[in-house]
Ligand code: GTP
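Just one chain is shown here, as structure tokens, and it is the form predicted on its own.
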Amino acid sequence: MSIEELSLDTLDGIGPVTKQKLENAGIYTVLDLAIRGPSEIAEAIGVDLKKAIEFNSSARLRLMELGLLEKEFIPASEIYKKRQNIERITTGSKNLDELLDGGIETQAVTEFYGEFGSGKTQLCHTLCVTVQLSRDKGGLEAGAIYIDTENTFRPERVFQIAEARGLEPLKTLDNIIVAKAYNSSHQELIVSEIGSVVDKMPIKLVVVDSAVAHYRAEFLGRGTLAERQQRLNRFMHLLLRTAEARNLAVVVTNQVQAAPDVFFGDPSKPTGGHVVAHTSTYRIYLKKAGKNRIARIIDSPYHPERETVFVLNEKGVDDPEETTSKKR
């Protein structure tokens, strides 16, 4: 589908001034308009909510006409057939791929959380390389967007992983677009601009490392909790809608915090509360186990709750020499 067919000019009621306001808010196409919430649109162009809903509905109808959006009511069998075409990116570990039923899915948000050193950032670096592999090797022959909120992206590590996996390191780095987010507002702005990057180059993976860090640092105390969760909710929903509409795999990392009311078992729990839990399609807990790492599925619409073992080495994420996989 050409950009011209998805131009905002094709919608009734959107003139030059409104179009400019929408573009200033990172809404460049009909697809961008359709995946935004009406309140975001109203705030961006200074109209009431009713008018924003009209623009949003008009964009959705336009996408239905172009066959880019499903109708409101369709048989479950059609959804099943479409899900057979969902693409997956290998994690670099057969054990971890098996845990995820083939790898990281497109049209979904996969959250990895765990304490420092559990392998979250290493996994993100590895995925930025494996997404560029040929399809017969588990890749999608596409690039990645890496949104860095904690200054954790290291091109030297990507260079090492690419070299170990048989890819040309500098070319691999060229296919990774890095955006450094300096605060939560900047982080939200970057995500709103993803569409304009995807329209210009083949991108199949978006990484946010980490999703909650800025919100956790900026909104302190119970008095700011409601605003923090509202902002975080909007951010996570935009990621999810972008993944679905543009057939992207979105991977977010999350920090953990200690639960003081837990007396037995693991007291670690992910930050972000129910907002992140509900908007993440898949939620995987990573933890250290000596030289190995353990990944456990905590929440999934269809995966069984189980765990597996992987390691970190020069190839990034990899399998231990003696492959073991615990299923529970």
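The first residue of the shown sequence is 1; numbering continues from there. Keep in mind the model is a prediction, meaning the values are calculated, not measured.
What follows is about the form predicted together with this ligand, which we do not show.
Enquirer: Can any non-hydrogen atom of His237 be found within 4.5 angstroms of this ligand in the predicted bound form?
Expert: Answer no; every heavy atom of His237 is more than 4.5 Å from this ligand in the predicted bound form.
Enquirer: Can you tell me whether Phe116 touches this ligand? I mean in the predicted bound form, with a 4.5 angstroms heavy atom cut-off.
Expert: Contact with this ligand, yes.
Enquirer: Can you tell me if Glu150 lies within 4.5 angstroms of this ligand in the predicted bound form, counting non-hydrogen atoms only?
Expert: Within the cut-off, so yes.
Enquirer: Is it the case that Leu312, even though its partner is missing from this view, gets within 4.5 Å of this ligand in the predicted bound form, heavy atoms only?
Expert: Because a heavy atom of Leu312 falls inside 4.5 Å of this ligand in the predicted bound form, the answer is yes.
Enquirer: Just one of Arg157, Arg228, Lys204, Arg88 has a heavy atom within 4.5 angstroms of this ligand in the predicted bound form, so which one?
Expert: Result of the distance check: Arg157.
Enquirer: Within 4.5 Å, heavy atoms only, which of Ser184, Thr106, Gln122, Ser192 is in contact with this ligand in the predicted bound form?
Expert: So the residue touching this ligand in the predicted bound form, by this definition, is Gln122.
Enquirer: From the candidate stretches 241 to 249, 196 to 204, 108 to 116, 170 to 178, select the single one in contact with this ligand in the predicted bound form, where contact means a heavy atom within 4.5 Å.
Expert: Stretch 108 to 116 is the one.
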